[in-house]
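In the form predicted alone, a lone chain appears below as structure tokens.
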């Protein structure tokens, strides 16, 4: 077997596992009503998917539905539909895309309609838009809402009072709502079992992200990272399937390290690593591959990113703890990136630049996502001061192609990498 063939087979192992997971989940959703399954809508940051799953409930994540619509080139029509209804251009485009999807019958990835919610479970982790989003969904679907209020980490640390406040809500509000919806009593042993599987997956996930400290990096931790975070940030944390995915992924990356291979791109393996970059901010989804190509054409590898922490920060040592399932869940929710203060974010990115030996960093500012974009210019200047590394700044949007200007972004990136090349003395 040639080295190229071996790499393709290895890559296919993890990708096929993930593809099967996703298609299976959406198939279950499409058949939910005929099988009598109840549906819980919730969000990626701070989602308590292990608890939801322990009641035999299916989940949907509205921002994932919007994201997938953009990658299938469907989001513009949904955004336009929402704007016809009166939603402003300045409203988060995840929200507008999802509202437009609802008007179109909530079509899933395979075209089959997805179910309406039986419960809206709002885990509020730093994004005020989530509150307004679920207000709109409640008005439309007339279903109950349960709010899990997550205290903001203004001082950059988790306190006992914060943890206790969340645990009380879980006991008094969330668990009773899930019991009522499912007709099942809370089963802590079942919940703990999911926690064990989450912890196992998290170990291999963190190992994979940390592998980017190698030279050359065997992964891209932003564009490739989008695929790596999928199972653990969405529907599959706490399952045997997710644990197996991360085990296989770790094996693949281990073999790439042994062969001193770079990350896999949509056009094949990356041959040379010229620049090591840290990225702040979410990707653009309407032109995802084109955006990615602008980086690997410059032989730039993203070795760390803040986006891969939006569904949970694990590298500091946090793992879901089966012995303390409720307090562990509280710590997980508190630690999501969107719940961190600007000083905490600056410190995180500064550490990434040092620990991953990055040549520089890029801020991707998203027009309609204040949870990320607010304060990013201030962050850029502070990180430059702390690290001595130059920052780049580009702008687009999440799922609205009107705000993705390929020529503008490409010119900015080319200028930025030329500047880095000059600082490095033109050395590859």
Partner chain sequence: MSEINDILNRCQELYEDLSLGYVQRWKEMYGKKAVGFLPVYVPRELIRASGMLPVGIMGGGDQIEIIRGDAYFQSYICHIPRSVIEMALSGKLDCLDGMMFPSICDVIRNLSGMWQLMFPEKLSIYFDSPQNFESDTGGIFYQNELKRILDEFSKLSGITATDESLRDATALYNQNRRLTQQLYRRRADKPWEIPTSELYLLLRAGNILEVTEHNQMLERYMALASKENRKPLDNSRLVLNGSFCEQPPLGLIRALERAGGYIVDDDFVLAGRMIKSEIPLKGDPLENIVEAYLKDSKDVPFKYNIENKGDELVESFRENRADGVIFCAASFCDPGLLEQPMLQGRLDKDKIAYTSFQFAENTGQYQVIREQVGTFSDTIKLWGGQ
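Bear in mind that the values here come from a model prediction, so they are computed numbers and not experimental data. Residue numbers count along the first chain shown, from 1.
One more form of this protein exists, namely the form predicted in complex with its partner chain; it is left out here, but the text below deals with it.
Taking the partner from elsewhere, residue 272 is found to have every heavy atom lying beyond 4.5 Å of its partner chain in the predicted complex. In the predicted complex, residue 84 stays away from its partner chain, with no heavy atom inside 4.5 Å. Under a 4.5 angstroms non-hydrogen atom cutoff, its partner chain in the predicted complex has residue 149 among its neighbouring residues. Under a 4.5 angstroms non-hydrogen atom cutoff, its partner chain in the predicted complex has residue 154 among its neighbouring residues. Exactly one listed residue, out of 194, 127, 226, 313, brings a non-hydrogen atom to within 4.5 Å of its partner chain in the predicted complex: 127. Site annotation in the predicted complex: the residue of 102, 353, 95, 232 reaching within 4.5 Å of its partner chain with a heavy atom is 95. Looking at 323-331, 263-271, 159-167, 69-77, the stretch with residues near its partner chain in the predicted complex, meaning non-hydrogen atoms within 4.5 angstroms, turns out to be 159-167. Within 4.5 Å of its partner chain in the predicted complex, a heavy atom is found for every one of 342, 370 and 382. Residues 122, 124, 126, 127, 128, 129, 131, 132, 134, 135, 136 of 115-137 are found to place at least one heavy atom within 4.5 Å of its partner chain in the predicted complex.
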